[in-house]
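To begin, one chain is listed below as structure tokens, in the form predicted alone.
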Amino acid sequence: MMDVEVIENSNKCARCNYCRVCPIYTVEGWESASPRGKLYTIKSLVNGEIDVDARVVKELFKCTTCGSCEVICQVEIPLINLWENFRAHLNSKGYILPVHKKLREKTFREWNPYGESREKRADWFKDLKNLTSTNSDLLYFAGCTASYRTLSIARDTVELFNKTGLDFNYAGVDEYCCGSPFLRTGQRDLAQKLFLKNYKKWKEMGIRRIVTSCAGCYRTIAKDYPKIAEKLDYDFDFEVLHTVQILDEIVDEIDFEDVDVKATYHDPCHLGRHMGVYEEPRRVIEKMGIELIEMEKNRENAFCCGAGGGVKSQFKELALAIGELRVKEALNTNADYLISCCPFCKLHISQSLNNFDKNINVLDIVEVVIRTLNK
């Protein structure tokens, strides 16, 4: 049975043009690629006017779940939930895109969507000298991308914690994917398994607070995990933070070098539109003495990097085309740094820079803090 909320909300669309802020529509230009077009498709499926086939499913999954459409929607349809609920419905009927299926298989083998060895998840931490974790009730959750792809973010976060005297705990190889890629692509059964693995470990460790580097992990653990816990009748009594929120708390105690640097800031969709964290990173950047130059599209109107919602894995060229549009906007500021607060955004934006002659340093905010500390 299709989610009643999906059916009701698919009928609310005012057929205006506002949702053409969508990054998918911006690149492809087809009405079917816009949120309005997707709503029309869903309505047609519900009414039996069209049948579900591979082409229809493919179009409905061309969405980064960035939330731009929800911000601009004139009739206030909760579009992020609608897209995810309908994807879950399609999955329940056996419609899953080929690459998303492969990510699922990899995760069942190694508990991360990259398919990297679970035993190597904590290698970045083992390589650090004189940096240790404690039995603190504050857990550092590095996430899959910082553990396997953008290792410097995890390393610099731990170094910063040590330098500022912040005690933390780390689960090492017993840290599992948070499940964000699978919640965003409708694979809720796997996300629930991952929740259970992480939850059990955190309880064993006596964890009370969780801080993560990844915007996707933050949204998932802070917003989705309590819902999963409620469904399973589990208590979810953890305080969940993003590293930038910790930085915002302690930045006044940090001694920074004098710098002559200009930076622009990219709002990760899961940190900004999904969770409302906009000002904390900007305060940290300004307290470092860095001149902040905003891109034309910022805060709740920021343009997506193109990587989320399973788009980067299944539609690589489309994801890169979106990323290149964001890079152009950043380059137009003539800033030295493009700063973000998400390993996945950093990874994808860095890759989107490959076709440009002009360059900009793409860094996570923690990496910038470490670079500007007064040694």
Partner chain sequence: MEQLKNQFQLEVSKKFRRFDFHPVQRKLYSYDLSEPPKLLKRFLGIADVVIQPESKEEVYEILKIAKKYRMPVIPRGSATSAYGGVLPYKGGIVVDFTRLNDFEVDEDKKLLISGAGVVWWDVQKELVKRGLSLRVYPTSAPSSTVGGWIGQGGYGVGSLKYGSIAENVEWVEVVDFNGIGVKEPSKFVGLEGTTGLIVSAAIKLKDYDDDRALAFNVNIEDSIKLMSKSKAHTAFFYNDKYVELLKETRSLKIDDGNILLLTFESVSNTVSDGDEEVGELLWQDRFYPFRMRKISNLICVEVVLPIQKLIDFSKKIEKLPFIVMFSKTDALILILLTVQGEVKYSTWLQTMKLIKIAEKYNGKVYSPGLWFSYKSDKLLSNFEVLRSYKREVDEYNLLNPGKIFPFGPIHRLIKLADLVVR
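Quick caveat: nothing in here was measured; it's all calculated off a predicted structure. Positions refer to the first chain, counted from 1.
Keep in mind the form predicted together with its partner chain is missing from the figure; the text below concerns it.
Note to self: Among the candidate stretches 174-182, 270-278, 75-83, 95-103, which one is within 4.5 Å of its partner chain in the predicted complex when only heavy atoms are counted?
What the structure shows: Answer to the contact question: 75-83.
Check: Using a 4.5 Å heavy atom cut-off, are Y18, V27 and R36 all in contact with its partner chain in the predicted complex?
Finding: Checked in the predicted complex: all three residues contact its partner chain.
Check: Though its partner chain is not shown, can you say which of S32, T333, S350, S313 has a heavy atom within 4.5 Å of it in the predicted complex?
Finding: Here the answer is residue option S32.
Check: Can you pick the one in E296, E204, D189, E249 that has a heavy atom within 4.5 Å of its partner chain in the predicted complex?
Finding: It is E296.
Check: Is K328 close enough to touch its partner chain in the predicted complex, meaning at least one heavy atom pair within 4.5 Å?
Finding: No, K328 is distant from the partner.
Item checked: Contact flag, R55 vs its partner chain in the predicted complex, heavy atom cut 4.5 Å -> Yes, R55 is a contact residue.
Note to self: Against its partner chain in the predicted complex, would L363 count as a contact residue? Criterion: heavy atoms within 4.5 Å.
What the structure shows: No.
Note to self: Under a 4.5 Å heavy atom criterion, is K358 part of the interface with its partner chain in the predicted complex?
What the structure shows: So K358 does not count as contacting its partner chain.
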